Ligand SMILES: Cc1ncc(COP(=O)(O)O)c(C=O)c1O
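Encoded as structure tokens, the following chain is the form predicted on its own, with no partner shown.
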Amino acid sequence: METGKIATSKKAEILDKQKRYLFPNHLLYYTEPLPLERGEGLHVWDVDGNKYLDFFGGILTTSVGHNRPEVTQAVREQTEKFIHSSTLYPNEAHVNLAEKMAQLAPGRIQVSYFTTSGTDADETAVMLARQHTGNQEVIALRHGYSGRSAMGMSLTGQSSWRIGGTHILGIKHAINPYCYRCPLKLKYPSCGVACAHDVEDVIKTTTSGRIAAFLAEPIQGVGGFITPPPEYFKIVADIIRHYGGLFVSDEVQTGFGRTGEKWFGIEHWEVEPDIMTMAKGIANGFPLGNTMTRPDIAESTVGAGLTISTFGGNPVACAASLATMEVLEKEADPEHVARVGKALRAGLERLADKHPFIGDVRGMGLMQGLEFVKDRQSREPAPKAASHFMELSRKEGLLVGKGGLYGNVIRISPPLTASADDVEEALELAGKALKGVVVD
């Protein structure tokens, strides 16, 4: 160290460079941001050496845990052979992953187009639906989230995620199936799932009457893990197809067994989509997105124009994904997720019974949300209480996420390899944090 120079901690240095050299609109958790240094399994360590149990998984992305040996080994072997080529040249990892995706996908969905993110996957899905149907208008849902591009922000149903007022014409938003805060002031099941029928009203009143697609997350992620009733997607799928559109299931957060029992979230609603999009947990943190569809729909792109993806089908990312799928099938398949998720849900419901500011517990599998309210009678959102819980849980050594239109939903989504013991530990830490939450 130079004489007379004041020593600066690694943490302070990182935060200083973050402030000086990165866009100021980066969303960072916690009053004092948390620079992470390494991870192993379900745990991460910050630059000061503090250990945390990670129950958010990089926004539902590290599906088989941090630094998973099988994944890192597959990546190491691939980087020693071949790192990049673009989609202009076939490569073995690319085609093998497409084959594996076809084995996991439901129904007639068999072919893939790999890109680098969920945003890219959703854009590809909309382009494909427009080309196949010859129609242009798209229906999305309020409170949904579809990425950070112009198209992604236009599909997104939350104003706070639309930078610069971006909006692409031809995208309409229907009421989402938010039973806890029904915008129609109805109660399920006596409501007759009126929110589903609103999709038809939106088509009839705000479009030309012929649509290209309906795009929705089976469980809304950023929206706060909003989970539709069992009849919802069947009703909507019939409506969409009646008006000439394709059903696009956005599995970016719900895919690969996250919801338990099924490999993809939409399967719980017994609907076969026409197109599926996926990313996040597909490659345990490596940038990879995928758009899947039936062969006859994919065929409609032939002769329609040229397209490539410079980083799509990247051999390293595809190798990581193949290794991730292998671990999931061996150790964390949908049945495992269902068992562990059941224990997590039961524990969260017990905590909710003790704390009246938890108004709702919802989700499936290892995708569970807690909605914080000022009181259960008014159901007024309590975003400050949710933020307080985030700070307290960090102090206890537990990392979770936050979301919802009102910023009042805690999102709990550990790696799918989580065990019953991991869940028990997380519930204990969350219980300690909840005792200190102040609701104002």
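As the structure is a prediction and not an experimental result, all values here were calculated from the model. When you see a residue number, it is the position in the sequence shown, counting from 1.
Unshown form predicted in complex with this ligand; subsequent notes refer to it.
> With this ligand left out here, work out from 201-209, 117-125, 230-238, 167-175 which stretch has heavy atoms within 4.5 Å of it in the predicted bound form.
Only one stretch passes the 4.5 Å heavy-atom test: 117-125.
> Let me know the one among V252, L246, L366, V138 whose heavy atoms come within 4.5 Å of this ligand in the predicted bound form, would you?
Of the listed residues, the single hit is V252.
> Work out which of M101, V327, V222, A74 lies within 4.5 Å of this ligand in the predicted bound form, going by heavy atoms.
Of the candidates M101, V327, V222, A74, V222 is the one lying within 4.5 Å of this ligand in the predicted bound form.
> Does this ligand get within 4.5 angstroms of any non-hydrogen atom of E217 in the predicted bound form?
Residue-level check for E217: yes, a contact with this ligand.
> If we define contact as a non-hydrogen atom of the residue within 4.5 angstroms of the partner, is F256 a contact of this ligand in the predicted bound form?
No, F256 stays farther than 4.5 Å from this ligand in the predicted bound form.
> May I ask you to check whether G147 falls inside a 4.5 Å heavy atom distance of this ligand in the predicted bound form?
Yes, contact at 4.5 Å.
> Judged by heavy atom distances of 4.5 Å or less, which residues of 14-52 approach this ligand in the predicted bound form?
Contacts from 14-52: none.
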